[in-house]
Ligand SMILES: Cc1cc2nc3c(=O)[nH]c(=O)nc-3n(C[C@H](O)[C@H](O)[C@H](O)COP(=O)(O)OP(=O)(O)OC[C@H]3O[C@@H](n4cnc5c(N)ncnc54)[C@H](O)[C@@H]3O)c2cc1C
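Next up: just one chain, as C-alpha cells, the form predicted alone.
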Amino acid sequence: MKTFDDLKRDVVDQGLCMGCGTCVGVCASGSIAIDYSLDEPEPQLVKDCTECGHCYEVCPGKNAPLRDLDKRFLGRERDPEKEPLGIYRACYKGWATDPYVRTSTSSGGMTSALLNYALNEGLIDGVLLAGWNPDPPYWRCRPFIATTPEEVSMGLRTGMMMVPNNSLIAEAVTRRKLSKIAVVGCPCHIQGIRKLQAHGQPKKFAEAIEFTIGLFCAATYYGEGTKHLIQEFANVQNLDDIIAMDYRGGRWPGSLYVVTKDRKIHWAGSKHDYTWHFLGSASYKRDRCLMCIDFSSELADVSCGDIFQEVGHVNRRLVATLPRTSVGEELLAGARAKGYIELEPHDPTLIPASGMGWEAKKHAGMYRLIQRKRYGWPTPEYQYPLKVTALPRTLTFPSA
C-alpha cells in the first residue's frame, strides 16, 4: 500500500504536484495539510500517516488516466483528433437570469446560478469553491465551503492562482456533516474528483459528490506573479495594506485592482493586459500547468468558460456551457425549467478559436509534454497518444 512518503517522492518532489488538494481532502485522519510556507499550496504530512494509500490513488499529478475515466464517466473513449473539446452532449451559450448574479460574476453567472438552483432545490448541501482569504494576506485565494446562495456569491469571479478546493472534502463530509456536495474547479480539480470516484475510497467521500462543474483553464499562476502586478503595476509596495482585491472588477471582461486600508482603489491592468502580456505569457505559469493538456475540464459533468467572440449579444457576459454527462444535462434542464438560467445553441468550433487557453493546453502544452518525455523529465501520464493537431480554424486573440 502506498503512503504519503510515496506521494511525496513520486509527485511532490518530482515537480508534478498540481496543488489541487485532493490528497488532503481524502485523508480522513487529517494527517495531511496544505502548506503555504513557500507561498504555493503544497501537501505536507502533519502527523503520522495511517498508510491507507488513498492520497496516492486519487492524485492526478503523476497520472490522470483520461481514457479509463472517459469510459467510466462519459461512456466511451474519445477520438482526440476529432474531439478537441473531449466528449460532450451539447454546446450552449448561457447566462444567469438574475441580473445581479450575471453582472457580479466573471462572465455570465452560469456556475453561480447552477449552484443556487442546486442549493435551493436540495440537490446539494454544500459546494467547494475558491474565494478570498478571510484573514491576511487578503490578496491570496483560499478554498471555502458554501452552503447558501449568499455564500456562493462570495466566490471568486476569477482566480489567477492555484486554490486547493479539493482539500475541503473531509471537512465538508466528516466535520460539517454534508452528505451531498458539488465541486467547482479547474481541470486538475475535476481529475482528482474523478479519480476519487473511480477509486471509491474513502467510500463516504466518493459517494457524497453529486456533481462537478469544471472551468475552462489556460493555466494557474504563481502567486509571485500577482505580487508583482500589485507592486509594480498598481504601485502598492506593502501587501499588508491590501484589504480587498478583484481580478475581474468593473466592466467586462474586467480588470485587476486592489483596495488599500486608506480606501483607495489601485488599478493594475485589464484582464487582456495582465493575462496576455504578463501572467499568461508563461512568465508566471505554474510549471505543472505547462504539462497539462486539458483546457475545457473534459471530465466534468458541466464545463463552463468565457466567450470572447462577438456572438450577436449586446451583453457580453455569456458562458460557453458543455454538459458532458446525464447528471450535467439534468442539472441544466432543471435550472432552466426553474428560471435560473437561459441557454442558446453555441458553435463549439468557436471555443478552441477563442484566444490563448485551448492553444496553451492542446498545442503548446502537448508539444512541451512530448519534448519532456523525450528527454526523460518527470511528466504526467494521460493514456491517450500525444500529438499536436492543427485545427481548421482562424485563431482570434480578442483585446476586449
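The structure displayed is predicted, hence computed values, not measured ones. A residue's number is simply how far along the shown sequence it sits, counting from 1.
The following text describes the form predicted together with the ligand, which does not appear among the structures shown.
- Looking at Leu215, you'd find a heavy atom of it within 4.5 angstroms of the ligand in the predicted complex.
- The ligand in the predicted complex is not approached by Val302, whose heavy atoms all lie more than 4.5 angstroms from it.
- Using a 4.5 angstroms limit between non-hydrogen atoms, Glu298 is distant from the ligand in the predicted complex.
- Shown alone here, Ala130 lies within 4.5 Å of the ligand in the predicted complex, counting heavy atoms only.
- With the partner left out here, the ligand still marks one of 261-269, 105-113, 200-208, 228-236 in the predicted complex; by a 4.5 Å heavy atom cut-off that stretch is 105-113.
- Residue Val319 is the only one of Leu196, Ile293, Val319, Leu168 with a heavy atom lying within 4.5 Å of the ligand in the predicted complex.
- Among the residues Lys71, Arg157, Arg175, His313, the one placing a heavy atom within 4.5 Å of the ligand in the predicted complex is Arg157.
- Every residue of the trio Gly185, His189 and Thr220 has some heavy atom no more than 4.5 Å from the ligand in the predicted complex.
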